[in-house]
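This document opens with one chain alone, in structure tokens, the form predicted alone.
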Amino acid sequence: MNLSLNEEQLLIKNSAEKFFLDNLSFEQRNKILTSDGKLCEDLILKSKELGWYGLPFDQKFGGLGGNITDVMTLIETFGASLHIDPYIFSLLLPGKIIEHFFDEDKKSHYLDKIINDNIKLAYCFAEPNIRFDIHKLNCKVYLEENKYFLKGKKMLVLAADRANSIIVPAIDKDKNVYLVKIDNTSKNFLSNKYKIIDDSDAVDYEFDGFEFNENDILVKLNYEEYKKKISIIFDYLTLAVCSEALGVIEKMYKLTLEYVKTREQFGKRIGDFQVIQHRMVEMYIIKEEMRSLNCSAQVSFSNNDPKERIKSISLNKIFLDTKAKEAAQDCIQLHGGMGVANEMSIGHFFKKLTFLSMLFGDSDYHYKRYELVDKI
């Protein structure tokens, strides 16, 4: 099987790399992170002109009809460039929710709007005390005097800081799941915005009897159907996270290789020491193993075999949380004290990889998931 990129995918990769080279140097990124958010929005607006927002979606909805490898190729360049656009959470996650859950009319309406950035959505997938099980819903919907109310908490809502509306999944006493669209500027619920380890923003929400209208219900379906669809979506997103991490580890390897070729110790470049050369070879092998696992997972999505897909995705995440994280730690160690200095980009890549390794399940969670898949 030929797993090399085709002409279109190379074009996506090369155009993205050139865009980031021109618009997102390490110094420019630091400037954007310390700004009021306008510089970030300006950068996202520029990137839209390259068609990135339409890439994952069908042409009949105004997208470009890109396949899974097209999308993962783009996301890998995001990782290698430390892109600050929360693309996975501001576009892919709400977009895939719309694709899998909405009827045709709502798909056309909402996909067109998010592709053109006329509406910004964030999906509230995480709750307290559920660990990494995205199937669990403790957030409740209840009806009193023909009025709908929402009670519960959502946490780590990524891209919510730039969202006009949030989509909140909640469950009623009859095990029906509601996807409720809520105005993010409303003052009738509590929210707390904070920075996370990779310098991006997240928001926690608390709904204590929050009233909403029937028109705010985007979808109502039974829990088993919700569970089946959300599993596919989050396997796709987990692969996107692993693809971004692949870009991160590729860049960390290159930065470390460049560093050991120039850094001198005891009158010699440290890259001339055999032990350092062996460690660099081990890193190279790890990143290439990671790439092979990523390609295998992309193929699993085309085979329509849920067990194969689940196993492939879990293997990717296990590898990210173990071998890839160890390789990233080696990169930091070879840089010495400079590896954790804010002025060096290598430390920022490490923070990004650390966050990605915990997102959507750590290695313990995915070991158990892999083990249980044959019992489904």
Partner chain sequence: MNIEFSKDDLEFQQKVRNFISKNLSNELRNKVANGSEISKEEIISWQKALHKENLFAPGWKKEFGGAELSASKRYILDQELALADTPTIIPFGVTMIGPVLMHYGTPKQQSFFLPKILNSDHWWCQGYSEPGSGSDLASLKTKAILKGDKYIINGTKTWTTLAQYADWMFCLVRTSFEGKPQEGISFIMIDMKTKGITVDPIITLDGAHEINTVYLEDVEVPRENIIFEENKGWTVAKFLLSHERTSIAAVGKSISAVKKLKQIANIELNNEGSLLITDKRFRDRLTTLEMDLKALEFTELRILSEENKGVAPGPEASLLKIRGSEIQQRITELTMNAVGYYGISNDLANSNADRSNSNQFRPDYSQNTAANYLNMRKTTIYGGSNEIQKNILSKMVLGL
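Numbering follows the first chain given and starts at 1. Not measured: the values here are computed from a predicted model.
One more form of this protein exists, namely the form predicted together with its partner chain; it is left out here, but the text below deals with it.
Trainee: Counting any heavy atom within 4.5 Å as contact, can you tell me which stretch out of 66 to 74, 321 to 329, 25 to 33, 43 to 51 lines its partner chain in the model of the complex?
Mentor: Of the options given, it is 321 to 329.
Trainee: May I ask you to choose, among Tyr253, Tyr236, Tyr205, Tyr110, the residue with a heavy atom within 4.5 Å of its partner chain in the model of the complex?
Mentor: Looking at the other structure, the residue within range turns out to be Tyr205.
Trainee: Considering non-hydrogen atoms and a 4.5 Å limit, which listed residue (Ile182, Met280, Cys295, Ile130) is close to its partner chain in the model of the complex?
Mentor: When its partner chain is considered in the model of the complex, the option within 4.5 Å is Ile130.
Trainee: Wondering, does Phe125 line up within 4.5 Å of its partner chain in the model of the complex on heavy atoms?
Mentor: Because a heavy atom of Phe125 falls inside 4.5 Å of its partner chain in the model of the complex, the answer is yes.
Trainee: Against its partner chain in the model of the complex, would Tyr194 count as a contact residue? Criterion: heavy atoms within 4.5 Å.
Mentor: Tyr194 belongs to the contact set for its partner chain.
Trainee: Just to confirm, Lys175 within 4.5 Å of its partner chain in the model of the complex by heavy atoms?
Mentor: No, Lys175 is distant from the partner.
Trainee: Contact between Gly62 and its partner chain in the model of the complex at 4.5 Å, heavy atoms?
Mentor: Output for Gly62 is no: heavy atoms all beyond 4.5 Å of its partner chain.
Trainee: Only counting heavy atoms and a 4.5 Å limit, does any residue of 320 to 341 reach its partner chain in the model of the complex, and if so which ones?
Mentor: Contacts from 320 to 341: Asp321, Lys325, Gln329, Ile332, Gln333, Gly336, Gly337, Met338, Gly339, Val340, Ala341.
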